Each structure stands twice: as C-alpha cells, then as structure tokens.
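Here's a solo chain for you in structure tokens, the form predicted on its own.
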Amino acid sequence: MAALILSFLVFSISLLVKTSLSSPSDLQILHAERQLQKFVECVLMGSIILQQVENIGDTPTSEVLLAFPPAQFDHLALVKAAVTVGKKRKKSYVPLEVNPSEQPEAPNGTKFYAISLLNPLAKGESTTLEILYILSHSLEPFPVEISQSESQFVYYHDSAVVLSPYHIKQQATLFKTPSNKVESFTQVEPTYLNGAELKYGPYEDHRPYSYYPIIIHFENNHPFAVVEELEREIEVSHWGSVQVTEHYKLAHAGAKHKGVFSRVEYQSRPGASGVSSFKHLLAMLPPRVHSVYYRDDIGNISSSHLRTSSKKSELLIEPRYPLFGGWKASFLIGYGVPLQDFLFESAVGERYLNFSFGCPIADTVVDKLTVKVVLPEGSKDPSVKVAFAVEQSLEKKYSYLDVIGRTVVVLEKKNVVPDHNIPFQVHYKFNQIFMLAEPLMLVSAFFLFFITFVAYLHIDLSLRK
C-alpha cells in the first residue's frame, strides 16, 4: 500500500513539474465532466467523460488524444468514444475509432489513446465527445482480511482532475459509491460529499498534464467475482446442432476471509453474516438452449434453475459452497443450441458462425478467455471477424469417425469485461461432399462387420475331416 501511494505521489510531482510542456496539438477543452459510477460491478470501474473540444490553432486536426497514467493504462479493458450530433431530444451518438497512440515526449510514461474524428476540426470549431473507459481490478480491498461478520471496504486511486495533454478551462469529477459509508477521501478544494456522491470541482483553467492524486476509502460489499480462466469450446455440426462447453475457474477477489467459517451463522443471519460473499451466479445463455448440464470435479450439481424463452435463457447456478474472499471454485457448463440460429451463408457462398464472444456470467471480469470454434471436418480457409483485438491461432482436433481431422479456430483475450459480450463471426468454406463422409464410414464399418461375420460362419475350424 505504501509503495502504491508513493508511486502516485511521484507521478503527480513529476507531472506538476512538467506542466510547462506544450500541448501535442492546438486544442483546448472548454468543459470536461467525468462520472465514475460502476464501483458496484465486481472489480470494474467505469468512467464517462464529456469533453467539449475546441481547435484554437491555425491548422485543422483530425484526432483527439486521451491520456492515462501507467498504473491505469495496464488495467484498461475497454475504451470507446462517440461524437454527439444534434441537441436535446434530437441528440444522437456516432461511434468513433479509438486506437492506442505513441507519444514519445509524454511526461512520466503517460499512455495515450487517439480518437479519430469524423471530420477534421477547423480553427475556431468545437465538438463534444462522450468517452467510456472501463478499468478492471481497480479496487483494492482494505483491510485485506475480514471475518465472516465484517463488511468489506476498498481503496480507489485516481486524480481529482482529468489527466489530459490539453489545457482544460473548466472541469468537474463525480464519484458515486455503492453505499453512504465513505471512511475517508482526499480533499482537493472544492470537494463536496453528499451521501454516496463525492464531487471534485468545478476547477478552472488547469494546464496540460495537471494531476492531483486522490484516495477514496469506502464500503463495497458487492462480491468480487473473477473468472481467472474460461475456456469455451463451440463445436459446429452440420447435422443440426451447435454444442457449447465452458470450463470455469472462478475466484472471489475481495478481502480474504479470516477465521473459521460458520454455516449456522451464515444461514441464520443472511443480512449480517458474509455480506460480501456470494452463492449464486446468473449466466445469460442463448435463446432456445437444450441439453443443459452443470457439474464440477465431483459430479453433477443439481442446484440450478433454467428459464428459457424465444429471446433469452437464464441459468441461475449455485456452487457447492458459498464463496468468500480468497476462495475458489471450478465447474463446467454445457448446452446445445439449434444450428439455424447461429450458422448462416454469406453472399459469396461461404458459411459463417455468429456467436457471442464474452463471458455469459453477469457482473464478472475474465482474466483470460479462450474461445475454440471446432469447424466440421472438411472446412477450409477460416477467417475471423472480431470488433476488438484478439490473438488467433489454428489447431486440429480428431473426433469420432474423423478421417482428416477438424479445423479449430482459437481466439484468446485477456481482461475481458461484460462489454466484450458482443457477436463475432467465423467464416469458412465447406464442400458438401464431406457431409457423406461419416455416413460412408458407418456403412463401411457395418459392411466389414457383416462380411467378417459371414466369413466366420462359413469357416470350418474343427480338427476332424
């Protein structure tokens, strides 16, 4: 903890010393409003920034830089931006392209993302941007260990002002905590605390790279459900089904449980005992699922409830034991879905699978997600379309009656959050002749068995003549 606070202080001092550096472009921010409001969702923290950017230079500019300190940049799971068009009821949002950007002269290792504007911003023009970024593992439990009857408190580190390479004329930051129990917070005047809302600002005329470190200590009893590793296998069969198997390694990343666990106290005082633990998980599965099963290393777990409809399926599962801080559990979920709901044919004659990428369990972050798409035997030239960067590779898998093996498309991504649960596509070519491969194998096997049986009946193995 002391080392982390020291690093924030060193970062802030170095930025204050270097605020005389020039802005990377002739832009200024007229107004910036930051809202941090997702403290309650697992170990996630979301921030929405409204920025009104103005070009005060002589040349048009087509990009706006978004700055992060190194400690936050390493925990970034997602960065999105949109430009607002229209006013009030007619206001709409147009998504913008956002990519990491290298700025060698940035002070103290500040990291950047570049937001590409739809049209270059000419001199004197302004535009309003809405930016969303999500940090995972951004809350630090303190105390690091609690008993079964204690509440969970966490630290959050940030800056009272928006870190930016541009001059900001006016800004404010609003933190919304999940409860009214705020133990302590750094004051950078003006600072206001009203129940669960903590407001920093408004501040006027802050130079580029201004940074004022703050620490907020507050109660957060929401469970920190972290999927340390998730491996999902999606097996496509042209005979009418898509089979999905998901292997989970789940952990509670909150304050570690100390002392002896009392199940009697846990069940008799549900509102006061183990308030930061969890014993239920909700998995949002595709509609029209069938053959659903849920088991762990011991065997099938019957404590689950499935609700299905034409639009969605909800699987409420309960591990064998409630999870406290530092406890872990491993389990497996499997199900089948109709082929026609997820396999389609493109205009150029290719087939493609359209499936959701992220974790189906609500309010979780996945440290490492591996998605394996097993294509039918005979598939070739696979290609993947994903809305974000993933690691791709190919494998081979042999199943029953396979001759040349099945192509497996492997996609890997770290730091996966609920916003990554969007569709992706796997395109491939397939020759219809391979649909006859397995039936021919079965016919050949039965034919050989029949010939062998007939030959056995006509062979005389006796020793007499």
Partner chain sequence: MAAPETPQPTTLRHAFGNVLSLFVLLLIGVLAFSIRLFSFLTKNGVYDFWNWFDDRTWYPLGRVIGGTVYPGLTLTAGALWRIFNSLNIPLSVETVCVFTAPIFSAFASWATYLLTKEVKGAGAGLTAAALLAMTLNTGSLFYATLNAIAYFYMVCSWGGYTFIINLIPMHVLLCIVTGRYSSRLYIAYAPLVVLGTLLAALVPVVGFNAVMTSEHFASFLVFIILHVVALVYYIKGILTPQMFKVAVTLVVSVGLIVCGAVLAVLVALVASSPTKGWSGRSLSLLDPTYASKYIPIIASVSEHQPPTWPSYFMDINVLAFLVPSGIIACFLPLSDASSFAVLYIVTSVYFSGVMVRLMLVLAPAACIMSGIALSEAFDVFTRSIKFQLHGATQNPEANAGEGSNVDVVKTEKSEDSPKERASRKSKKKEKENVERASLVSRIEKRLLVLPMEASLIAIFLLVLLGAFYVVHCVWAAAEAYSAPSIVLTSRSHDGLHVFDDFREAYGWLRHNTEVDDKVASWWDYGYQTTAMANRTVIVDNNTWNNTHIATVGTAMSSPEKAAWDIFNSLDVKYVLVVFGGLVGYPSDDINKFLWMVRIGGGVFPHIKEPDYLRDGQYRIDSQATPTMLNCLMYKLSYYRFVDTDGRGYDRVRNTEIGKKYFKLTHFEEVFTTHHWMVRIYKLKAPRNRIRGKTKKSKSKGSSTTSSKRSGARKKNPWH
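The model shown is predicted, which means the values in this text are computed figures rather than measured ones. Residue numbers count along the first chain shown, from 1.
Just so you know, the form predicted in complex with its partner chain exists too; it's not on screen, but the next bit is about it.
Heavy atom contact within 4.5 Å of its partner chain in the model of the complex, the stretch among 352-360, 320-328, 218-226, 204-212 = It is the stretch 320-328.
Find the only residue in 263, 90, 305, 385 having a heavy atom within 4.5 Å of its partner chain in the model of the complex. By the 4.5 Å heavy-atom cutoff, the listed residue in contact is 263.
Query raised in the report: Which listed residue (195, 190, 86, 299) meets the criterion of a heavy atom within 4.5 Å of its partner chain in the model of the complex?
Result: By the 4.5 Å criterion, the partner-contacting residue is 299.
Looking at the partner-bound form in the model of the complex, is residue 259 within 4.5 Å of its partner chain by any heavy atom?
Close contact exists here: in the model of the complex, residue 259 approaches its partner chain to within 4.5 Å, heavy atoms only.
| said: Can you tell me if residue 421 lies within 4.5 angstroms of its partner chain in the model of the complex, counting non-hydrogen atoms only? | reply: Answer no; every heavy atom of residue 421 is more than 4.5 Å from its partner chain in the model of the complex.
Q.
I'd like to know whether residue 399 contacts its partner chain in the model of the complex, with contact meaning heavy atoms within 4.5 angstroms.
A. Yes - in the model of the complex, heavy atoms of residue 399 and its partner chain come within 4.5 Å of each other.
Quiz item: Quick one: is residue 310 in contact with its partner chain in the model of the complex, heavy atoms, 4.5 Å cut-off?
Solution: Residue-level check for residue 310: no, no contact with its partner chain.
Mind listing which residues of 340-373 have a heavy atom within 4.5 Å of its partner chain in the model of the complex? Nothing in this stretch is in contact.
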